[in-house]
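Listed next as structure tokens is one chain, alone, in the form predicted on its own.
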Amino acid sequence: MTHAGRLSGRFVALGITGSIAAYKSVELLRQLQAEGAEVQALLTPTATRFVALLTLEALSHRPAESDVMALLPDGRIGHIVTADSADAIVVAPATAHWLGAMANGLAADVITAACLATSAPVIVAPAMDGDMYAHPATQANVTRLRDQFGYTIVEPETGPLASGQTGVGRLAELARIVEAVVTAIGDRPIRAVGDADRPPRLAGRPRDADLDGRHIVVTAGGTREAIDPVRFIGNRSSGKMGVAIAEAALDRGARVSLIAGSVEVALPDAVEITRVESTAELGVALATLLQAGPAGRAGFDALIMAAAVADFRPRHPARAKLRRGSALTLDLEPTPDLLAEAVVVARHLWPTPILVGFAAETGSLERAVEKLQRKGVDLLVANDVAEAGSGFGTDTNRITLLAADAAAEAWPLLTKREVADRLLDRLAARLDARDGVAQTGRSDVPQEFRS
């Protein structure tokens, strides 16, 4: 059993050699992705006879490398870029031939070349006939890789082999291999945070359309609270995070409604845009979207409140421009808690929308935990806006994802689009789970919504 997110932000190279067990590498790739990892497939020439490059590329959205002489489109050496950026290289299955080549430093394929060039941990899961694995030559190679090179060896298991015999040589259970990768990486810092330092993705390969047919509402930007017709109280929000979420949701097939306050970035053309300025206007826009349809049916699937809503506003804004004087005292009042109000309304809709809040803090994120409980959202995205690269107006963000029903996830520094994609991964999974419950015929599901 895996625990989602343990490899979040990690880049893992998956080396596949010419064993019949190579067919299991496809599922191993999936399990690494389920843990949050980006995966790059490396294959020996014989491995391409057991598993298709197209299969691995379709799942990983990255070119699968099998030619040690190949260059990336920008002229960089593919296996060197992988070696420099991977957080781990896992070779599964590893044949007797590959073990011997690696133990002796013979870089005749992309996997041995990458392993020789990397300082990342290497995890090796052998798979072969039982007598081959028991041979003194193979055992000597395994010992050298483990004791001299420091590689993690995930020992093969006993079971039926391709030869028809039963013995030690069967590829270890995939869960064991994943656990070995997680353990080997541990708390090491991510070696290459952004895509620019990693091997490129396949051009034109969109993410799965896992939000097709969904209606996602996103708020973005800051609100402005009028002091007079000229001046206002505002905040430093640029709207980049909310817009990134809206664009990512569009790319995954969603219908997107974007409620935009003060933003400094272009808004995507394909979304339904509502422009607002003040907290009051944002509240009206939300109330319109939150209106229930026939029999209380929700008109949207998720609300993502990425907007930075002003906490205070002038109690009595001036109708005319205030004259400049030696001092000005403002009488401020708190603005309505729009997120908390939206939660109350949304909990009476069906299917119940997934509600995501944002908490911009400075220093400690302890208040974010309390905010998660107080506001009653499903997910809360918390970040320290005082941290370099994680504040308003930046292209990157370092967030901690809090959930009402799961452990907190501290994500590394990522681009805001990467944060958006990972957040939508979690959202899509929760929507699927919600809809699964709706099919069970539970007594608390209104009769008109049961299938």
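Just so we're clear, the structure is a prediction, and the values are computed from it rather than from any experiment. Numbering starts at 1 and follows the sequence shown.
One more form of this protein, predicted in complex with a small molecule, exists but is not displayed; see below.
- Each of 238, 306 and 358 comes within 4.5 Å of the small molecule in the predicted complex, counting any heavy atom.
- The contact with the small molecule in the predicted complex, taken as any heavy atom within 4.5 Å, belongs to 311 out of 155, 131, 311, 272.
- Of the residues given (100, 363, 336, 159), 336 alone sits with a heavy atom within 4.5 Å of the small molecule in the predicted complex.
- Exactly one of the stretches 162 to 170, 68 to 76, 322 to 330, 377 to 385 approaches the small molecule in the predicted complex with heavy atoms within 4.5 Å, and it is 377 to 385.
- Heavy atoms of residue 411 never reach within 4.5 Å of the small molecule in the predicted complex, leaving it off the interface.
- Looking at residue 44, you'd find every heavy atom of it more than 4.5 angstroms from the small molecule in the predicted complex.
- The closest heavy atom approach of residue 389 to the small molecule in the predicted complex falls outside 4.5 Å.
- When contacts are judged by a 4.5 Å heavy atom cut-off, residue 191 does not count as touching the small molecule in the predicted complex.
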